[in-house]
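Taking the form predicted on its own, here's one chain by itself in structure tokens.
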């Protein structure tokens, strides 16, 4: 089963890093704050302006001003949760963008066999994504300004809500590179099918997919609205295969963010890659032209794992045992090799430290030891996972856990070896089980006038 954690894999604690230049995102360091009157675009405002524009010309100008403001300055810091995140850039937004509070992740099957139809969907999705991430309706006439005889161009549940730092990130699954669309020769070598790991109990209904969209926002309704409208636009060409809602980010992707906690109550991802870690991002996160798929240069590979946590069992486990499993103190997150429990979570691990009985303080099968880069040839991940609680399982237990999301340059050298290490020996496996799995190639960011995946199809 599986995990998460530390620098790499899936799940438990959390970390930090440096400047994130090229992403179409608000990136790391706190950006200049906008005037209160210019913050967060309200769909209601825009629709109102749009209605006025239909009667004259003022609307376009008004809307254009607001959108331009959202795009240019646009760095959304944690204190500006209503702001817009720039859509265009060298890298897709939603990867090193400071992790938002809510997630709606969706995997699609492509139901058309026409390459032209697939490209049309990607073009239309790109237009809608640009608008929605700016806080606008999905289509020009929105939810209420179109012809009364036709279905609206927006479903309407986000009317009056600001952009909420919405980011939309697309990924292409291995199955999209079969014979249907003539893409087999362009499948990246790094986009491998994930192997079976010891302890996996994968549900096919929660695994795989031809396409995936990761929607992150500070308002859950904004994220759900975005996914719903993309599914609506793609009707007839794509169909939802599975989706996952998430809350309470379990990683920080910028040094401006505090390390969050997972449902085991521990800080998660203390040593995560950060937006500010420019050199490390080039080495560990972004695909390069020489990696075997030039169209992926500036993109990244996403591994998604749904990890069920046996929280009822965990809650009956003594604190000392919980801390031994993690190799960290529960309160501060400091390594258990630190002087005391009040030390800093970012203290270095002293894996050679032993007890009076000559036993390692951090056990050989502790989660943090097994996930540490030193145990995995230096491999690291950029994690953006979320907690989830999807009701109960009918046996008096919560269906709860971690939806693990990890970006990397090459899963063959990063996620796969780390997860093999964890699945084989981690004592935390008694408390977690992987029940869903998928991998996607996330293309580079979109330039003005382009569309999602245009480097693949052109």
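In this text the structure is predicted, and so the values were computed from the model without any measurement. Positions refer to the first chain, counted from 1.
Keep in mind the form predicted in complex with a small molecule is missing from the figure; the text below concerns it.
Though the small molecule is absent from this view, in the predicted complex it lies within 4.5 Å of a heavy atom of just one residue from 292, 156, 373, 331, which is 373.
Residue 271 is the only one of 225, 271, 91, 384 with a heavy atom lying within 4.5 Å of the small molecule in the predicted complex.
Contact here is defined as any heavy atom lying within 4.5 Å of the small molecule in the predicted complex, and by that definition each of 267, 415 and 419 is a contact residue. Partner proximity in the predicted complex, defined as non-hydrogen atoms within 4.5 angstroms of the small molecule, places exactly one of 357-365, 227-235, 213-221, 376-384 at the interface: 376-384. Within this chain, residue 407 is remote from the site of the small molecule in the predicted complex, having no heavy atom within 4.5 Å. Although the partner is absent here, residue 262 lies within 4.5 Å of the small molecule in the predicted complex, judged by heavy atoms.
With a 4.5 Å cutoff on heavy atoms, residue 326 counts as touching the small molecule in the predicted complex. In the predicted complex, the small molecule sits beyond 4.5 Å of every heavy atom of residue 181.
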